[in-house]
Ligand code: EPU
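Shown below, as structure tokens, is a lone chain in the form predicted on its own; questions about how it binds or moves come after it.
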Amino acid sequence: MSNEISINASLEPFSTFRLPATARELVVLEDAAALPGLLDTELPVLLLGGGSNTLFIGDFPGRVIVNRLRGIDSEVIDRDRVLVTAAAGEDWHELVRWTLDRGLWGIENLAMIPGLVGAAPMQNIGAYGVELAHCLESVEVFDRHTGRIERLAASECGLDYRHSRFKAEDAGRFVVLDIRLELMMHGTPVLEYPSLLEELERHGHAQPDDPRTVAAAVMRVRKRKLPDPAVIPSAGSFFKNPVVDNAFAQHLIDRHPGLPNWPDKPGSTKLSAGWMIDHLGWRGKSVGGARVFGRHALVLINAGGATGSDVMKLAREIKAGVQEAFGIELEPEPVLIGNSLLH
């Protein structure tokens, strides 16, 4: 029930990796008006959405507030642009489906990303050449420093690759209440990832003119590569794709011609962490109940009975192997609660 605090509550149902852990207190937020009171505690506070990007490596000694704020609305700006506002507790994929049902372009490449809307700006979610930053207009937040609700323009959110001010310099300061997206009635598909383009061509849609066509191809590719967290507990990609300077990237590509790479910011190249991990033979290997997924080496899964220690040991060994072989230090993509040290 909303605002009813549970004591020593299991966190397993609130994280898609489903590791054994508990919170000293847990409460579900369904009304933003209750937020100031729930934040008024001497305990450490953790705001949680769908738990698809959070691993509880250990117990949390404070109050976990599970965001379940709901609602989606839209406003036509002009003949091409539509503003879509979605509450933080909405399911991200259901929001994508909502926009597709209305023929809107902008987030079709982000179909089937697990988690809730509120996590999207914190992580600047992205897939297949598109990031939330490309269409985010603003974020409504509760500022814990001032006790006020305010709307931050996208330019104020510090968005970068899998990064934002919400998880860096202002971690813990803001509670995301909703996001506002600027989407298009007429758009151009982003098809820079070969696997997506190949999937479209395979089905006779090399030049798609409907965002639903692109989203359907994205979903087919994701289903082949990634586990369904409802069936196989996981947090999706465990490591970020590293971004390095062009000279170092070219050095690695010369040594490993098969290494996938993509242009990033000027002077930088993004490299495939999954390819490097796979190249080192990690696919399918386990530590305790934690395992590298058999169809995608970037994904770690709970193969049954995994503990936080299992996950951390496996991640540290993978990280050390990539560092030694490629000279690159991988960074975890999920937020690790309880023990964030991978060294």
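Throughout, we count residues from 1 along the sequence that is shown. Computed from a predicted model, the values in this text were never measured in an experiment.
The following text describes the form predicted together with this ligand, which does not appear among the structures shown.
Asker: Okay, which stretch from 268-276, 150-158, 80-88, 166-174 lines this ligand in the predicted complex, with non-hydrogen atoms inside 4.5 Å?
Answerer: Selected range: 268-276.
Asker: Could you work out which of 236, 115, 106, 121 is the residue within 4.5 angstroms of this ligand in the predicted complex, going by heavy atoms?
Answerer: Flagged contact: 236.
Asker: Could you check which residue among 144, 180, 93, 222 gets a heavy atom within 4.5 Å of this ligand in the predicted complex?
Answerer: It is 222.
Asker: Is residue 65 close enough to this ligand in the predicted complex to count, meaning some heavy atom within 4.5 Å?
Answerer: Flag for residue 65 set to no.
Asker: Taking this ligand as it sits in the predicted complex, is residue 262 near enough to touch it, meaning that at least one heavy atom pair lies within 4.5 angstroms?
Answerer: Yes - in the predicted complex, heavy atoms of residue 262 and this ligand come within 4.5 Å of each other.
Asker: Counting only non-hydrogen atoms and a 4.5 angstroms cut-off, does residue 102 reach this ligand in the predicted complex?
Answerer: Taking the distances in the predicted complex, the answer for residue 102 is no, it never comes within 4.5 Å of this ligand.
Asker: Would residue 128 count as a contact of this ligand in the predicted complex, using a 4.5 angstroms cut-off between non-hydrogen atoms?
Answerer: Looking in the predicted complex, residue contacts with this ligand include residue 128, since a heavy atom lies within 4.5 Å.
Asker: What I'd like checked is whether 193, 298 and 333 together line this ligand in the predicted complex, meaning each has a non-hydrogen atom within 4.5 Å of it.
Answerer: Affirmative, all three are within 4.5 Å.
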